[in-house]
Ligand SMILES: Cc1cc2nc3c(=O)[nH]c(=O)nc-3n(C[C@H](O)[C@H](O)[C@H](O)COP(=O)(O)OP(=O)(O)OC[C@H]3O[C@@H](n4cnc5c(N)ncnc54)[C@H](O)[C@@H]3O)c2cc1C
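Presented below, as structure tokens, is a lone chain in the form predicted on its own.
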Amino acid sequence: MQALSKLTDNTYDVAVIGGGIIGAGVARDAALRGLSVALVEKSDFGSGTTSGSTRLIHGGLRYLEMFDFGLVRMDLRERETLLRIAPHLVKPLEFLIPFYGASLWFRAKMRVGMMLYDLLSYDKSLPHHRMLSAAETLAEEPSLRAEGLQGAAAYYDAQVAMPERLCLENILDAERYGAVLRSYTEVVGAMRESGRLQALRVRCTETGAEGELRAKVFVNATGAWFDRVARQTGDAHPPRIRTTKGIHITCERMNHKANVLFSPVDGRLFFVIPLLGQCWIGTTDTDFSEDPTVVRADGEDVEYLLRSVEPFFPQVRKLAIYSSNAGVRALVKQEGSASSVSRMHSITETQPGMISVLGGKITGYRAIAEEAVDAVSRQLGSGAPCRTHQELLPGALAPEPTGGAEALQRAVAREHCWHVADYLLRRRPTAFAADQGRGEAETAARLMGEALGWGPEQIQRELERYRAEADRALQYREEIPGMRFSG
């Protein structure tokens, strides 16, 4: 890990707090505009809400029903942009919305919704929607319950199987253009001059070393941690965000297509999606007021998903469940049920010298970052235009190693990979394997130890750290008796 002095020896045009997908996007956009950029992230890049997302790049059909047409249009435009600049990570995915007991009115409404979705994505490269009969639906998704099936609507969106990788490539591209980025570095205080924020006190979470990060403008892109970080910077404003918990589970593959379903438990929309050879089921949406760092799926969460899925895929309880995944959304604070709160973001100056990003979806991260850097540029008097909608992400320009020693030495040498958990749970898709990468852990620890100079005790600590993080995704098992689990 680089010395803290590399980060704190300069005054930057802009310093970004938060190394999730939006913070990474801000750093990349600003660096490509020629601004001097620093970024700090208190954990691993992309390890928070980014890693806990549903892994879709989509406009969000349900937001049409909420009349969030501006949000849907922005995200559909950004879906097309990401298919173009990150074709190695963002892939087209066809979805089915099967109809069971649906009235003629509901099916007509769905057809109109499909037509509107196509209209709002008028510049898309993906196919238009289709309406399927019951027989056609079963031919495409034979595992669906046949009894009562009336047909389905089929349409295209996109999937990012590894959003952690999407985040990391924004980080690496920002670095290529001169940005200084540091993970495992947290904000612990702030300094002002004449009422304006001038510097942040930052601390390395690994060594305890502290220093001052100085910049002309700061960006708070910490997502679910926003209010906590705002307090650390001396912002006494009441909470500005609402945090909700979403969980997913992976199980044996039972589906051919992605499916959009409505839970018979509470009517919420959820997904059953193919992901890296497994079945990915989620998500929930419940208020969560604890520290987002400790979020996990509990037995009640998992049981909710199983009860929601079972009427459509009756075999689900006979399949092995491999693992769970949990994240905390940051929504602009509003009243109402968690699912009814708009996913539209807000960008505002929350104190002199601090631009803050509130809310937002992973799909729109690039556009949100562009808007934030526009606000920064206005304060700096810079007129350089955004380029991120045109420039390909690094992995689209050259293939990357997918496994083995070559991929691990690259992760350590070039991708800010400091821990075994960083590698197995976020640099590679092993988090979704049946054993969450446990079979590779000792080899990974040995090779990383050779590269980073770890002794036997440090290697053992790294293995324990990785296992503790992987095990947290399995804690729900103790809370659901009688289920079949893998491993």
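This one's a predicted model, so the numbers in the text were calculated from it and none came from an experiment. Throughout, we count residues from 1 along the sequence that is shown.
One more form of this protein, predicted in complex with this ligand, exists but is not displayed; see below.
Participant: Residue-level contact is defined here as any heavy atom of the residue lying within 4.5 Å of this ligand in the predicted complex; does residue 49 satisfy this criterion?
Facilitator: Because a heavy atom of residue 49 falls inside 4.5 Å of this ligand in the predicted complex, the answer is yes.
Participant: Flag residue 324 as yes or no: does it have a non-hydrogen atom within 4.5 angstroms of any non-hydrogen atom of this ligand in the predicted complex?
Facilitator: No - in the predicted complex, heavy atoms of residue 324 and this ligand never come within 4.5 Å of each other.
Participant: Does this ligand come within 4.5 Å of any heavy atom of residue 14 in the predicted complex?
Facilitator: Output for residue 14 is no: heavy atoms all beyond 4.5 Å of this ligand.
Participant: Would residue 362 show up as a contact with this ligand in the predicted complex if we use heavy atoms at 4.5 Å?
Facilitator: Because a heavy atom of residue 362 falls inside 4.5 Å of this ligand in the predicted complex, the answer is yes.
Participant: Exactly one of 204, 138, 229, 302 has a non-hydrogen atom within 4.5 Å of this ligand in the predicted complex; which residue is it?
Facilitator: Comparing distances to this ligand in the predicted complex, the residue within 4.5 Å is 229.
Participant: Which pick from 388, 308, 283, 243 sits with a heavy atom within 4.5 Å of this ligand in the predicted complex?
Facilitator: Looking at the other structure, the residue within range turns out to be 283.
Participant: This ligand isn't shown here, but in the predicted complex, which of 120 to 128, 308 to 316, 391 to 399, 178 to 186 has heavy atoms within 4.5 Å of it?
Facilitator: Residues of 178 to 186 come within 4.5 Å of the partner.
Participant: Quick one: which residues from 16 to 34 get a non-hydrogen atom within 4.5 Å of this ligand in the predicted complex?
Facilitator: Contacting residues: 17, 18, 19, 20, 21, 22, 23.
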